[in-house]
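In the form predicted alone, a lone chain appears below as structure tokens.
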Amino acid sequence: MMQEKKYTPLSEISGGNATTAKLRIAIQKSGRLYDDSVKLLNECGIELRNVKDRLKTESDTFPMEVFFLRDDDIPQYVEDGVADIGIVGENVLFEKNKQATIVEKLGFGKCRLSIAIPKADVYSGIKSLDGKRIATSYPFLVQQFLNTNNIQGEVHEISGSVEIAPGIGLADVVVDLVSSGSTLFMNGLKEVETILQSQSVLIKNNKLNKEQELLLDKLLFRIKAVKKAKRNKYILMNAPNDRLKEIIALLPGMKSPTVLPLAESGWSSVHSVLNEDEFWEKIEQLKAAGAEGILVVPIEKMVM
């Protein structure tokens, strides 16, 4: 028999004194998104007081209160307006089916919700799930997937250790979160179908007032600057003047590269920004074009 999940009383979180003077954000109190959520706030210049073993804390550097909650509870608190915004996995948000709006995808906590079957079984497409017993911690998403594909399956909701269900005779198939796939492999399962690609997202209550929206805009400005910096590298290089035109053509940058004369005649220093998706290809092209002494520097913030 499943144990009922305990829902943290609103009084323990809000204290009955909610105010629009601060933006209230809910983040995971423990688990895979906690560290990255706190790190993101810190990178945005939002320093938190005494986060260890707390349900609530505040920032001295931004008008914000932070609530530390179970990830499963965050969509509910945001829908109810106890928290104005929250950081949660898309998998949890869609499973809980609450009324909250995604305002920014954050890029960490990436995983996928996948169907897995015993290694020895043959998978011939989603229609082979007809009549199967399916164990999962995501019954809403699984049933939605089955309905969309006109499949009759028997969904068994369980929490934790979903992968052992086929081995103990509880189910024929499992649907669970997958990152590397190593847990499935160790339990004699193979991944055969992806239902949902997921990552962490920033969500908001749909009835924020004007003051809260302004604070959210300020926070989003900072988050986007941090994300932009992580996707780009600042590069400096020495370039022969007779090949400057060719080298500059390889550097899109934000507008155009910065070119400064060097003490040595016939050479210039070229400064620019490269996106990480094309970084190595561009570096090889720059070297082939005659660039030397290429220095790569990480960017902390990037304001456009």
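Computed from a predicted model, the values in this text were never measured in an experiment. One rule holds for the numbers: they count along the sequence shown, beginning at 1.
In what follows, reference is made to the form predicted in complex with a small molecule, a form of this protein that is not presented.
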Residues 46, 67 and 84 are flagged as a possible site; in the model of the complex, is every one of them within 4.5 Å of the small molecule by some non-hydrogen atom?
no
Taking the small molecule as it sits in the model of the complex, is residue 71 in contact with it (heavy atom to heavy atom, 4.5 Å or less)?
yes
Residue 147 within 4.5 Å of the small molecule in the model of the complex, heavy atoms:
no
Looking in the model of the complex, any heavy atom of residue 261 within 4.5 Å of the small molecule?
no
Contact of residue 111 with the small molecule in the model of the complex (heavy atom, 4.5 Å)
yes
Position in contact with the small molecule when the complex is considered in the model of the complex, options 40, 33, 247, 235, heavy atoms within 4.5 Å
33
Please identify the residue among 92, 226, 78, 219 with any heavy atom within 4.5 Å of the small molecule in the model of the complex.
92
Please name which of the stretches 178-186, 162-170, 128-136, 210-218 has residues with heavy atoms lying within 4.5 Å of the small molecule in the model of the complex.
178-186
